[in-house]
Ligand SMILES: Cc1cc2nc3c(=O)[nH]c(=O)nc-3n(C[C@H](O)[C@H](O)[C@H](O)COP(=O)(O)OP(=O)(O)OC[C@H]3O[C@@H](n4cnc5c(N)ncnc54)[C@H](O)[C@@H]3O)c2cc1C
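First, one chain by itself: the form predicted on its own, in structure tokens.
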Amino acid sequence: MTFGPKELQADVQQKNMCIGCGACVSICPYFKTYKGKTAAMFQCSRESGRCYAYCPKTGVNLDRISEKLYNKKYSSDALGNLKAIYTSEKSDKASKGNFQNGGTVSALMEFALKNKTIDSAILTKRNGAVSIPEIVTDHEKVHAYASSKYGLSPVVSKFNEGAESGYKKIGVVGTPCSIIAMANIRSNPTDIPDFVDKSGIVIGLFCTWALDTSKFEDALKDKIDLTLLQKVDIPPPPADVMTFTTSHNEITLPLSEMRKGIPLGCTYCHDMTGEFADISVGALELKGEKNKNIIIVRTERGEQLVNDAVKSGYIKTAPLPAEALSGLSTASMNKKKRAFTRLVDEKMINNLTERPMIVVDDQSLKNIMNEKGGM
């Protein structure tokens, strides 16, 4: 059974579950996004639609999209389906820029555009605390979009716009919520005849939470000049702070203060590492190691891009230390278990008498709840 904009508004927007991914935007004239918020500008009478089917907060069937992308049921392992995992960093051929950690994502997207693996890339820039996704086609401009943003970004709206504009191999970089929306799109949930997947490569960013844009701005407006904001970072524990770097200075704020800006929808998210991406990338948090990433290769096309980028001198990889793998697996499984516990308690998972947020195989759910799925 399929649903449409009426149910989307009831299940997501009216319950404050929207995380601003933009999956419902640019495919419908009724939904618009502004500063991380998505709203229905007019009422629509359609009984079913892509808006509901693409949303990462509406009946996401983890087994169905996993079978479409990986030809297997959803993995209850901590890090999801994977082919390989390494440390990584940009190498000599990649452009210089204001990179955060190892610069792996920028290097991969620059390389993918240059060698025509993709014909466009959806990358996010910063305007103060506001995250703004754009369609980029020039590989020489990729470095300008580097560094973490931490604000909600309607990445998928730009993918939808690019697909409608005629791009056929679109690269996408986004946090796990956007990656789940992309997986929904790629699985053709509304059975569009002659459907073609217009993604060229999908890169997921490790994420535990993002920030509501308005609350982000409110927390900083009296402390720094937001127009000069260049970098946002969360140092490894035990720092327990968030740092904000401008062209003039750097300030730190307690994480407890910044967490007040986390959208409600983030607290139901089970995915820390972008499990439905081709490649997932995050910071390597290991004592003595600086300016490096962890990279998870999940699909054949992801593996091909990474191998080609290494051979061409855009990135370099090395074995991931066991300590780092253990820490990442534990953190990822903890997030998964917290979210699924909440979903079970609130009857929002596998509750087919209502409209669940998540649907997954009962055994996979049991494995996760009993923490038997870790690596």
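Computed from a predicted structure; not experimentally measured. Start at 1 with the first residue shown and count on from there.
Keep in mind the form predicted together with the ligand is missing from the figure; the text below concerns it.
* Asked: So which of M258, C269, L220, A283 gets a non-hydrogen atom within 4.5 Å of the ligand in the model of the complex?
  -> None of the other options qualify; the answer is A283.
* Single option in T208, Q304, T190, N81 placed near the ligand in the model of the complex, where near means a heavy atom within 4.5 Å -> Comparing distances to the ligand in the model of the complex, the residue within 4.5 Å is T208.
* Indicate whether Q100 is a 4.5 Å heavy atom neighbour of the ligand in the model of the complex. => Flag for Q100 set to yes.
* To do: Tell me, yes or no, whether G151 is in contact with the ligand in the model of the complex, where a contact means a heavy atom of each within 4.5 Å.
  => Yes, G151 lies within 4.5 Å of the ligand in the model of the complex.
* Asked: Would I170 count as touching the ligand in the model of the complex under a 4.5 Å heavy atom rule?
  -> I170: no, not in contact with the ligand in the model of the complex.
* To do: Answer for S91 alone: is it within 4.5 Å of the ligand in the model of the complex, judged on heavy atom distances?
  => S91 lies outside the contact set for the ligand.
* Asked: Quick one: which of 244-252, 190-198, 212-220, 102-110 gets within 4.5 Å of the ligand in the model of the complex, going by heavy atoms?
  -> Comparing against the ligand in the model of the complex, the contact stretch is 102-110.
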